[in-house]
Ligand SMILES: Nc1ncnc2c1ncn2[C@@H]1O[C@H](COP(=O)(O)OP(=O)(O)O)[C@@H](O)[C@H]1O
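One chain comes next, on its own, written as structure tokens: the form predicted on its own.
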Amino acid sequence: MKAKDIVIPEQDPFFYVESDTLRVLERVEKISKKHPVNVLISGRQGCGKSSIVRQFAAVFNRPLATFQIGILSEPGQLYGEHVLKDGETSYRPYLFPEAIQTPNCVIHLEEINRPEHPKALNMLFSLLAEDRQVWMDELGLLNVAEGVVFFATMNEGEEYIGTESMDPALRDRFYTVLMDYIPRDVEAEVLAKKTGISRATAQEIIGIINRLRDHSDSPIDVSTRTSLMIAEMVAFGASVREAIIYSLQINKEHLESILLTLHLEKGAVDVQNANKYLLFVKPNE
């Protein structure tokens, strides 16, 4: 990643977020005017954790820099490395020091509970604490710039191989937002608007996907990202069956049993989350 990558991302015009979460993010934006702030976003795979960080940066006109914590194997690795050139050793800084010193930057620490070695996170502690600075012999004193927001995202649970339990002292430095899949009607609307398929077809896709998610014997985590892939395949001529099979590599017999169950339950009313889901976009100027 180079300095030119610290840019304001484009807004997703069809990004829905739970109303409670939206209020929290609006408050985080206000708190950041006083001092840098940290937010931890946890949830199931593919429920939009990385996307909400990007949308936060887009909506509030902030540059975004994303760093993969899963590749870290030693303390200080985010900051730079020693290199040998023409027989001489020098220090080459990475983008991270520049990002934390960029005012109003959104710093995304992706998969924060998946470092190759837990001690690789040690040099984040002071950056995320009240003093907001870290000393490095190679770079001197690094201070977090005004308005910076640190977002950390993670999948949490025994089913996620390679993840670690997050250090309580590190977790204590974050506000926490828990995310889950968006409700059926909202997800269907997103599919229809983003891919151009009919609302009825979008509802058919989501009905099957939710049945797969909630299957009593062998539930399958199907992300919104994957449901969009399915809808896009349908938009270009595939049947719903084909699109699901190609996207999920699901056993055809299992899929047919789900379709039969849905057919028998046609007309059943789904119980929806009582909390509202709202568009998280910039207000019209």
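From a predicted model like this one, the values you see are computed outputs, not experimental measurements. We number the residues from 1 along the sequence you see.
From this point on, the text means the form predicted together with the named molecule, which you will not see here.
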Among 39 to 47, 57 to 65, 241 to 249, 26 to 34, which stretch sits within 4.5 Å of the named molecule in the predicted bound form, heavy atoms only?
39 to 47
Contact at 14, 51 and 182 by the named molecule in the predicted bound form, all three, heavy atom at most 4.5 Å
yes
Contact between residue 107 and the named molecule in the predicted bound form at 4.5 Å, heavy atoms?
no
Residue 228: heavy atom within 4.5 Å of the named molecule in the predicted bound form?
yes
Even though the partner isn't displayed, in the predicted bound form is residue 190 close enough to the named molecule, meaning a heavy atom within 4.5 Å?
yes
At the 4.5 Å heavy atom threshold, is residue 114 in contact with the named molecule in the predicted bound form?
no
Quick one: from 194, 173, 211, 132, grab the residue that has a heavy atom within 4.5 Å of the named molecule in the predicted bound form.
194
